[in-house]
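Same protein, same chain, two forms; see structure 1 and structure 2 below, as structure tokens.
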Structure 1
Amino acid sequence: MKIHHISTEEMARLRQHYPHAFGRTPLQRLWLTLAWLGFGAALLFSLNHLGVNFTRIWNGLDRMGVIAGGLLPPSSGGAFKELFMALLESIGMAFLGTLIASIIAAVLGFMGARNIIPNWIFRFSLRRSFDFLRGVDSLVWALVYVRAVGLGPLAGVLAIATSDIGTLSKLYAEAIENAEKRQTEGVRASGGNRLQVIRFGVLPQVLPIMLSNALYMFESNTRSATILGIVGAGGIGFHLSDRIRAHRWDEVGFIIIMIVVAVFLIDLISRYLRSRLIHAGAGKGRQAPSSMIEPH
């Protein structure tokens, strides 16, 4: 086999004709450098704007070391029972809030789905209300409810329920819109009325998705319920912020460990239940939930 050697002239000609095949052109390199420089400048500006500087970090690290040292060994400060009850209260708030939200969202989700109620003005305004409820964080709702209904876990339950109604209604509406048409048509063809179409055509398809999403929200709400106490809405958050303000770091460490363990356990239970749900669904030839919410 003859090997064709490329001469230097040929090489130069090729380079001129196909500059992109030989790596970045000088112009491209210039743009890239400028883009990185611009990015760096924006980064520096932002950090400076937020008051981040080396001295502050350095000084803070000193105090951070003291805090980290204080976290260990963790200690309940003799109030284990009280802390445990507060943790249970957080979980209870998350459970009840999610339950209330998913019941209300099931109704609202059907109302917000295109294939159930085709009126677009109604649907549009309903969907924007969901966005509003969802856009306000549960901590904000908690603070508002504390002002409106008083201190305590009721405010927390209502806060979780309110922001979840937005999220779950949106997800449920999307799940209902994605439901298989053939089954609803089948029910209609055999003489089912509107309610029967929903009950026997749509609901069996979307129920596993709804339950699965509700469990997801329960997981994420357990995490939020641990902090609502900071604004007085019940749960372990009150004790946590109280201990942090009093610089009792060993107790802070203890509470954080409690939260991590509780969240881990709830995740485990919820994951088990969800896998059962999806399994049960898949066994009957159902598709995996398509409108599952994204991971946290």
Structure 2
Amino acid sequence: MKIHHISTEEMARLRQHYPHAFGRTPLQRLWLTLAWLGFGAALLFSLNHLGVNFTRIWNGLDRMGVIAGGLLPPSSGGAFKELFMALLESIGMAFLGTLIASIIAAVLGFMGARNIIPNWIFRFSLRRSFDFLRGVDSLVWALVYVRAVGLGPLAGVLAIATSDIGTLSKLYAEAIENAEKRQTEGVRASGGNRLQVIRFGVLPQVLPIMLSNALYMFESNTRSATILGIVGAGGIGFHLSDRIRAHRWDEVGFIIIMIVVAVFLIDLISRYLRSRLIHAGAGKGRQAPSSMIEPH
């Protein structure tokens, strides 16, 4: 049996092309060990600092059992109409807040896109403002606006809009930057000015994505709006927190069922519309760009 000896150069080449076949290097093993130690230290610190222990969890299961038993059978407490109107109020908060955010974010998204505004200083400053707006949770914004404009749905609408402006602006800017260049170049070659390039070259590509993201945010904001009422922003969340404080668990169960059903229906409709918009966007992307503007 003939044994083939591998030269040092060939071994180095094999290590370069197939590094996983030779196992980890000592340096890689050291970094992996340090990573696991860091993970373990972070886990132990979190469990200890936050007071998480199985004894407290086990003792809390009895109380959770009592609460869960109180949720059944659910009851409206004779206030179905009031609760239903409050639920519509929460949905309205989510809709109006998302609509305001989508309109403002559409403008800011174009201003924050690299292929629209080449000035990196302006774009960097704008992008960081997006990070600030979306970095603060809508619940915190609700507390701020409740203090500023008073109790009621207006604070919830402003809180949702403020948080969503940062998120949607970032998503819109990234979608605009990833728009296909051939379509914009086709509009420009047909004699289109800068505004026409944006209108006929970029917008048809990104509009379905923008609408799809807005629908997803509306779906998410419907859930958020129920929580904002707890801090005084109106809607079904106010009634939910009121029943919890009064230990009226059967009514709490009824409100939870109402919220779940509403979120499920909105999710179903939103998913259908987003699917249609995505397919519509794919069809528009295949159209010839020169047909989008009239010849001079």
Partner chain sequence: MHEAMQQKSVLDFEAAFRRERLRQRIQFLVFGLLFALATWLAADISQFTFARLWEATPRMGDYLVRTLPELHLMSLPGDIAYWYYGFDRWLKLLFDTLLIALLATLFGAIGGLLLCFPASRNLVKNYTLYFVCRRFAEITRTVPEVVYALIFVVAFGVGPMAGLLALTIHSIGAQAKLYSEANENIDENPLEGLRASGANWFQVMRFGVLPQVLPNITTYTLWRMELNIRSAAIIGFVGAGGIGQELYHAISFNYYEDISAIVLMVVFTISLIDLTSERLRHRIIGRENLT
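Each residue is numbered by where it sits in the sequence of structure 1, with counting from 1. The structure presented is a predicted model; accordingly, all values stated were derived computationally and were not measured. Here, rigid core means the biggest group of C-alpha atoms that superpose within 1.5 Å across both forms.
*Asks:* Given these two structures of one chain, say which is the form predicted alone.
*Replies:* Pick structure 2 here.
*Asks:* Just grab the Cα shift of residue 45 between structure 1 and structure 2 for me, core aligned, in angstrom.
*Replies:* Spelling it out: core superposed, C-alpha of residue 45 shifted, distance 4.8 Å.
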